[in-house]
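The data below hold one chain only, encoded as structure tokens and taken in the form predicted on its own.
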């Protein structure tokens, strides 16, 4: 399976009479976009704002971030099973508006939502401060149920990303990147002397607004399975959850998974990247045991020598992470886990809710409990008052001058467990 990503660099975003890409600028027809998003009967009002790198803007509460993409060759379309029919994706050619993103906000859906600052201290902790963001402010109808509210915002962001992606369909990309995933036996034949490595991606699926979707199916309704890494780049996996903002995998993260990208960079050189195993993070012990058993068996079936396992969320999913690690190690497969830490504000508490001696190779995205102060911003998109009640905030987080005293937990992507951030730690 061969996929080409045609990156169209976006250096600016502006409102205009026509939605188009021209001279590395994304022009947005605001009225047309609002009309598109307002088709959802669950939304009472929709507005659109722009937020660019370096501007004194704070966006909160952030629900999701999505990168605009469009299929230009190959089967299916972006976000299969959700916006397009259920065709297998991950082959052909896809155009990407690189440097642009859709951000969804409005009335808070779940208390675990976050902040994006476009400048200042907070901007250094989130990758989304470097993007040209089109922000959808979606207010739901009165008395809406939480799951209907979450779905309305999720669909609004995806539809907007598809809408902008189409503007790049006939644009000549600034660069074209190629990715190839061979059938397993052919891959082994091609690189017989390289160690075989797989990636295990744990998908948040605890329910109660903690959901991830694979080809439109809620991951908690699935069993561990194999997926080609290029399928992720075409939107086969999307975010639908409200886990803590710092380690949430937004849809943007899934489309740009850095573990997949780094493994591809070493593929055919130092390793043979044979594929991805996706597994879920359930609540009940029996489900955790079932999924971790299947995950370990699939890794053994692939005949790999090494596995990288990434987590999403913390606390309850720590058990899934350690189960996966322990059982894969017991198969004789070297395992590295990627997580973050909730080690208390002084960093002295136990970092994970579960542990095992076999989990001896760990990459951390930082301590989400670290307290920081964020300066006031000239403009707020969304609702600043909710910072006192979201995860990582507390009574008094919002200061009189508009500055914030919060844990890193509040910043979208700050300690992301795919390594899509700047924080880590070294052990000695």
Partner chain sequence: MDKIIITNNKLVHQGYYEKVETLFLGDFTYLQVLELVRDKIHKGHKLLTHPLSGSVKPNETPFKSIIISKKQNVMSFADLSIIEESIASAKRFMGNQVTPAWSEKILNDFRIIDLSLIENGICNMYF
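Numbering follows the first chain given and starts at 1. This is a predicted model, so every value here is computed, not measured.
Keep in mind that the form predicted together with its partner chain is missing from the display, and what follows is about it.
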With its partner chain left out of view, which of 336, 353, 83, 184 would have a heavy atom within 4.5 Å of it in the predicted complex?
353
Which listed residue (258, 216, 306, 110) meets the criterion of a heavy atom within 4.5 Å of its partner chain in the predicted complex?
110
Counting only heavy atoms and a 4.5 Å cutoff, which of 134-142, 70-78, 236-244, 269-277 contacts its partner chain in the predicted complex?
236-244
In the predicted complex, does residue 209 come within 4.5 Å of its partner chain, counting heavy atoms only?
yes
Answer yes if any heavy atom of residue 147 is within 4.5 Å of a heavy atom of its partner chain in the predicted complex; otherwise answer no.
yes
4.5 Å heavy atom contact, residue 291 to its partner chain in the predicted complex:
no
Residue 119: heavy atom within 4.5 Å of its partner chain in the predicted complex?
no
Of 268-286, which residues get within 4.5 Å of its partner chain in the predicted complex if you count heavy atoms?
283, 284, 285, 286
